[in-house]
Ligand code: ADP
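To begin, one chain is listed below as structure tokens, in the form predicted on its own.
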Amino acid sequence: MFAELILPVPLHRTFTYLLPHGMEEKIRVGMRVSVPFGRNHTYTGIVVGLTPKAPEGIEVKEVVELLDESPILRHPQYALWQWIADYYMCPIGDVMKAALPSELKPESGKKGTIREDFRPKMKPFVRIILRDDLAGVFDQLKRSARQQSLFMALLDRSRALQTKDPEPVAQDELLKASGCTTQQLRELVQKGLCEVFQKEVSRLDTGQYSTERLEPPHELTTMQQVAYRQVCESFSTHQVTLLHGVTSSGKTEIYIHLMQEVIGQRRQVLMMVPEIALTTQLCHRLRRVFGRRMIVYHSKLSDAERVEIWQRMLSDEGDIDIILGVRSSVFLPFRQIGLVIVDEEHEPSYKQQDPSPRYHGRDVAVMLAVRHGAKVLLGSATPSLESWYLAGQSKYGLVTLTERHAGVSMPSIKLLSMTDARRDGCVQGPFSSQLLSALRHTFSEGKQAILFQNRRGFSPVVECVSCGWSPRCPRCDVSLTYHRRLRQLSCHYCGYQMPWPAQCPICHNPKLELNGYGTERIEDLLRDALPLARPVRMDTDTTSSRHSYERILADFEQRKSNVLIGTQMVSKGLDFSEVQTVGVLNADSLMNFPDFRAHERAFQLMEQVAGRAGRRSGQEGEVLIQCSNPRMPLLHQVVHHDYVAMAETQLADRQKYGFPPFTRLIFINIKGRYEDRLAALAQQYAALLRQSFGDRVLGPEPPGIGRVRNLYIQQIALKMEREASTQLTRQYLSSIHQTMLNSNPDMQRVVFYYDVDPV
């Protein structure tokens, strides 16, 4: 018997291995095995097929060990993996690598048995040994008040007097509740009043919500009830429905009611969010209603925690009904999913950039639902134009919420001309006097503010005032960003760092000028300008540790800080009741970007961050957008919260120039160490593509950043009609790639990959 395996290697194929005697009766599709690969590697593979037929002309190696007693991969999962590999034109081994936690795919550098690192978490528990003569027990303990206190706490927490089967109590909780020590516990054990034993416990923080303390969902408002019914009606005719609801319209409450209905049918719900920060806020709202039936899945979990979630979802107990997660949660082994909710579906964070597979979490979620016969709800105040277009074509259902919850008004938005402010001398660093005045008033009223600046670090550009020298990354074509707290310059592409130079290395002038403003500099300047400000910063630099999101958001929610300064993170669905003022510091940098999605993305960012203001009744939020040209039509669409006008304008331009959603884009990326040879190779590749695809081929040319990590980049864009066969397109591309491999030896020396539906 032979097994066909997926291995976590970047090759577009499966591999066949011989099963040793005795393994045929135990092995099943979906189980893991360890196998030798190459000269000195042992990998974990997943069985995707079994056959008695030996492959022809190939020397077949033997499986080393069967690692599972039952499959860890369900059939719908494997079908989804195949679709991802096929659609995004990547090796299925890369999909396996992305999908499985590391501890489920151990490997070894030497031939032989690989060792699995996952171990259940064990914790000491105390079990009471109850005697009939309770009075005699207390008489035995009368000389030790501490031991009496400990025994009383054990009686209480184990519910020994209320039930025939007392519950074991965690040792640390017992000692904390009684104020006693392990020595006093050992004395109780010696007297035969209790025993200590090891018990497997969960690594997951599922909260302290018992089933008795769960709350029912909040009642829906009349407007929300109408939207809820429309979503249910839409699901009867459409698999995917778009819920277009303005910020703070109560989309989450509708999600919760839908979840409750689906889990009542004994099916699971996946709710996806674009950022870990959103799981932090949503988690408490969902746990109040669903308790421990909900788990959170994201990249900040330890690998052991991810393995535990995976195993719990595979177990027959089926105690996980709701998964709240980021894009990687689409890979979990769902039992029978009934609903997928993609919140803030417009967010580019759902698109995986590097490494492969370069999938879009939203689109994979739709295919996940197809595999399970589930429904999909896409929610956003500013939907992606692709989803809006498909809803307009009736391929998706569409439900709208046009008013905020509880009659709260939309925030007023003002455009502040920085050109005029500079001319009149009404600026202080990056702040106009109007913005500072509004912030001062907000803080004096005891309210909070959010400042949005889409650059992290202290200063994005450092320059010698004498000769103009500017430090650049030696491995990438970018300037180094100055981080003042670290006293170093950093590359945000490859991570290269260098200390702050004492002088210019060219002319030796010690005076270096800082140009531009990052979030770190905004924080310092705001403290100087407004003594009342208590800023906290949320960007990649401050959220690197596991619990940093929780700490920052908790401090802001508890009003330990009164202004949140951040990058795009602060625009993504955060909900704070006391935020009255929002400032967008440099709107021009959002619009003046060489990308056909620039205006759509700028509108989304500004409208979303504006939506953080004035989210409770009794206060009107105020949004101040600093810009150079207040007459830009897009800015006025933001001022009037007019998503429809923006969508119509942008879709008309996209149709005119043949951009998505009217076409499909595939980027062909080639990276190499030698610029000239890479350019020649890319030209040859593009010429071959044009023989099959004609003027649908654009390029090759370097992208905006033409060198990263010492690799030069050439990019070819393929713009296909939406109705063109994706299968035929892939076949042509595969054939052209093989021709290049056969004809040009330089193909073996470059990094090559496709980016389908790039963002």
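Residue positions are given as counts along the sequence shown, with the first one as 1. From a predicted model like this one, the values you see are computed outputs, not experimental measurements.
FYI, the form predicted together with the ligand isn't displayed, but the following is about it.
Asker: Does the ligand get within 4.5 angstroms of any non-hydrogen atom of T382 in the model of the complex?
Answerer: T382: no, not in contact with the ligand in the model of the complex.
Asker: Considering non-hydrogen atoms and a 4.5 Å limit, does the ligand approach S249 in the model of the complex?
Answerer: S249: yes, in contact with the ligand in the model of the complex.
Asker: Heavy atoms within 4.5 Å of the ligand in the model of the complex: does E622 have any?
Answerer: Answer no; every heavy atom of E622 is more than 4.5 Å from the ligand in the model of the complex.
Asker: Is D132 near the ligand? Define near as a heavy atom within 4.5 Å, in the model of the complex.
Answerer: Because no heavy atom of D132 falls inside 4.5 Å of the ligand in the model of the complex, the answer is no.
Asker: Among 557 to 565, 215 to 223, 91 to 99, 179 to 187, mark the stretch whose residues have heavy atoms within 4.5 Å of the ligand in the model of the complex.
Answerer: Every other range fails; the passing one is 215 to 223.
Asker: Could you spot which one of K671, R74, R534, R616 gets a heavy atom to within 4.5 Å of the ligand in the model of the complex?
Answerer: For this set of options, the contacting one is R616.
Asker: Only one of E463, E305, D575, D541 gets a heavy atom within 4.5 Å of the ligand in the model of the complex. Which one?
Answerer: Among E463, E305, D575, D541, a heavy atom within 4.5 Å of the ligand in the model of the complex occurs only for D575.
Asker: Within 4.5 Å of the ligand in the model of the complex, which residues of 399 to 422 have a heavy atom? Give them in sequence order, or say none.
Answerer: Sequence-ordered list has one entry, H405.
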